[in-house]
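Next up: a single chain in structure tokens, the form predicted alone.
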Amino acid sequence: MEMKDNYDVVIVGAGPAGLAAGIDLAKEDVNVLILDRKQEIGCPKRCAEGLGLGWFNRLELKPKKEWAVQPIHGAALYAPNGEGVQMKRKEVMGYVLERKMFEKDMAIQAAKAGAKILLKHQVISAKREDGEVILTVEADNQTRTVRTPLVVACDGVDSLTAKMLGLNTKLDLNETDAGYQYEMTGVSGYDEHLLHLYFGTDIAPRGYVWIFPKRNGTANVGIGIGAYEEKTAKYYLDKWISEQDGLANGSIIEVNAGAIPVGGFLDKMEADNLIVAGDAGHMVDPIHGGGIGIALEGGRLAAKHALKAIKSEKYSNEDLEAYTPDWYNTRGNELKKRLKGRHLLEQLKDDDFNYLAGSITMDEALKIGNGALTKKDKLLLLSKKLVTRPGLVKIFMKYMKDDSGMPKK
């Protein structure tokens, strides 16, 4: 289990982004070390474990029964009054994963390709010397150093590794949600082939409650709310569960909690000898906080630019700076549009949610969230469906006119 003194690249963090980068680099015969402070791959999970079919196709992933445990055929969105907007198709639209098994499968792929993976290894310092980075790593109450010309930091929100190497990835509190989730069993009362999302300021201020089915009678039941809220995410989740007949008597078999980046996209995701990806690069969907697919894509993109640097033996900020615009062209600009959708949702009151649930289709709801309304869609929405609610029209007009991803005052 010893690590060598030198590696072509050291990846800090063995989540989806780090493992994806490790697989791609190891396949190119790059000498890769992947470090993680946790004692088990995939634990603790930090999400509801959903992954849409579009990501499977885009990333050329083939679902395996061991980790793609529940096929999903659509979604249902519920207003505070309980009225829902539902989209359900015959074909599979995605899966709820067993993320521990998914990430372990990725780790096996990385190791088979030649990457070295070490758990319970904490990077406690990182400094540059003679064009390389010296990482001090603590394991089993002992420290060792390892040298590398390139570090790929995938060690989560407010990445400590990036901070040590002078790149500020600090996330503003306004761009952070607090998440809390139970994996529950012995539950019922919902369609197990749909993802269920519940909105309302009393239910989940600046967020929503979700039910992501995993298998017969078992589901991830969680919540995300603004991190600045006075009451905790657990308080709101427990209160909501206690009011649901099919959930209140269920058993909790796992508890997860953590911070979720929902914006705060970075202007810069590289520095000398450094690239960041995944949550460390705030690569998360700002509407629903999901990040598995985005992290996988970001990790692969980081590997592409890392490989270019390794082949050219050039690791300066100037040599790596194409990475950030590449990510924005690939995914970031789309996420900026979705950030506008999040800011719109933050301004809605419970009466607005109730009205929209009875007025708009699931297709319209998805287009609003994706920032994909056409000019015709906008005119129809304003003239036919929102005309009787001037306050709601005002909010939507701000949303439609603003291209910055931030609401105008």
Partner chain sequence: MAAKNNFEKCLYCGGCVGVCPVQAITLKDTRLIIDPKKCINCGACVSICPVGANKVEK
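Numbering follows the first chain given and starts at 1. Quantities reported herein were computed from a predicted structural model and do not represent experimental measurements.
Heads up, the form predicted together with the partner chain isn't pictured, but that's what we're talking about next.
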Exercise. May I ask you to choose, among 258, 80, 217, 290, the residue with a heavy atom within 4.5 Å of the partner chain in the model of the complex?
Key: 258
Quiz item: Given that the partner chain is left out here, which of 234, 73, 336, 300 has a heavy atom within 4.5 Å of it in the model of the complex?
Solution: 234
Quiz item: Which single stretch, out of 40-48, 53-61, 22-30, 347-355, brings residue heavy atoms within 4.5 Å of the partner chain in the model of the complex?
Solution: 40-48
Practice problem: Would you please decide whether residue 112 lies within 4.5 angstroms of the partner chain in the model of the complex, comparing each non-hydrogen atom pair? | Solution: no
Practice problem: Verify the contact flag for residue 120: yes if a non-hydrogen atom of it lies within 4.5 Å of a non-hydrogen atom of the partner chain in the model of the complex, no if not. | Solution: yes
Quiz item: Is there a non-hydrogen atom of residue 176 within 4.5 angstroms of a non-hydrogen atom of the partner chain in the model of the complex?
Solution: yes
Practice problem: Indicate whether residue 93 is a 4.5 Å heavy atom neighbour of the partner chain in the model of the complex. | Solution: no
Practice problem: Residue by residue through 147-163, tell me which have a non-hydrogen atom within 4.5 angstroms of the partner chain in the model of the complex. | Solution: 157, 158, 160, 163
